[in-house]
Each structure stands twice: as structure tokens, then as C-alpha cells.
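First, one chain by itself: the form predicted on its own, in C-alpha cells.
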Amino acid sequence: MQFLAENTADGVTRREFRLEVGGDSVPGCLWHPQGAVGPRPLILLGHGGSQHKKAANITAAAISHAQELGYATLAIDAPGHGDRVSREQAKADQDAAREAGRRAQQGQAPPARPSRIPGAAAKAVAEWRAVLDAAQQLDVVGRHDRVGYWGVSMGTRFGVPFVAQEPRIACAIFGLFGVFPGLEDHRLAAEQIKIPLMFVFQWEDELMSRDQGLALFNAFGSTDKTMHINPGGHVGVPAHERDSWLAFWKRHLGEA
């Protein structure tokens, strides 16, 4: 893990890094309380489609984890996102996402856009596991199993197979995704997950139907699972859900 830049503001330090995984250079960010020393719980954040490791919602969550819980937080650019693509391709992806939403509102869109990166899910799983390995070598994180995963939409698409294969993840928050034809492996991975989890969904989601979201929630093998449903579209998760997420982390990962 090669650290490239560091910035501290409002009591939170953000360190940008790159890690070589499978011949690719994976960019990421690690946030932690300013001056933090010694092991602490770690939250992994999986961003949504057309987003990146420093998207506004990712950054806000990481800062709140450090300020309110004393945790460390880590995010990476998924395959084909952020610093791993050109500005032109990133803009094209954002335009495609907006068009998918527009068409979905008219009943014309497929359940989810396929990734333009072959084997993106498997690549993302390998990268998350390698980054977690590297992070746990750091004093500010440490080697332990007090690790949580958060990822909605594409963060759930890539996060479910990752969490299903990673025993160090103690709890997870998923959402804004579902079960539909062509992703049978995703449902099977969900069945393997037994840890405490929360699932967030939007009742008028224009990209995922209610039945698809409920099917994924039902597929999870966890006995300790909760589904939070709010009115609104795909990107309309209300801000107050962040309080629920913080309480979930504290309940299952404990004090820093």
C-alpha cells in the first residue's frame, strides 16, 4: 500500500493510496481520527455506479465514522470507475446512468446496467480482499475481525459476493439492489451470508422493482437482518438513515 497524499481537517485525516492487485493499480482512501494510534473498527465503503472513492456520500460517511465513532474507513475506486478511467469515460458513464433512470421512469429500462468491465464483480472481490489485507497491517487499523461493509446499488452488486467470501466482515449494510434473471450467482452468494445486516430500499426505485429488492432481502441467510424502506427514487435515500447506520455499526462493532 503506497500512500501518496495526506490531508487533515476537522479532526479527520484522509490518506490517499494505491495498491497493486492482479496487475492493476487500485486507488483508494483511508480516513481515521487525527492522531489516531492503535487498532480500531474499520468500515469498508463500496460506492455506487458512476461514482468513485471520494464521492460526496462516501466522504461524508467516512468523516462521520471518524468524528462520531472513532473508526477508520476505507474506500477504493471500483473497476472502471474514478481514477481508473478517463474523464471522458466517466462523463459517458454518468450520462448513461441518467439515461437509464429516465428510461426506467417510463418503464423502458432493464433492471440494472451490465458492467462494461468483463469479470468486474470477481475483480472487485479480489481487490477488496487485497486492500483489507494491506489495511490490517497498519497500526491505525490492526488485525482483527471488527470490520463492517457498506455498499448500496453497485456497492451491493460487488459487495455481496465479497462479504460472502470474507470471514473478517462482522456485519454489513446493503441496499438498492435486487434479484433478477442473469444474476443467479448473486442470490446464491446472499444465501451464504449469515452475519448481522441492514438492507435499505426505496419504494419508488426506478431501477429495481419492489419484488426484486424483497427477493434479495429474503435470500440473505442472516437471522439478524432488518429492512428499511423509504419512499422515493433510487438516489433518494433520506439523510436520517445515516443515524441508523451509525447505530448499527456501534451495536455490532463496539467502541473504537
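Computed from a predicted structure; not experimentally measured. Numbers follow the displayed sequence, beginning with 1.
Not on display, but discussed next: the form predicted together with a further copy of the same chain.
Of the candidate stretches 31-39, 55-63, 183-191, 225-233, only 225-233 has residues with heavy atoms within 4.5 Å of a further copy of the same chain in the predicted bound form. For the chain shown alone, residue 250 is not a contact residue for a further copy of the same chain in the predicted bound form, no non-hydrogen atom being within 4.5 angstroms. Using a 4.5 Å cutoff between non-hydrogen atoms, residue 214 counts as a contact of a further copy of the same chain in the predicted bound form.
Remark: residue 16 does not count among the residues lining a further copy of the same chain in the predicted bound form, judged by a heavy atom distance of 4.5 Å or less. In the predicted bound form, a further copy of the same chain lies within 4.5 Å of some heavy atom of residue 218. Looking at 238-256, the residues that come within 4.5 Å of a further copy of the same chain in the predicted bound form, counting any heavy atom, are 240, 241, 251.
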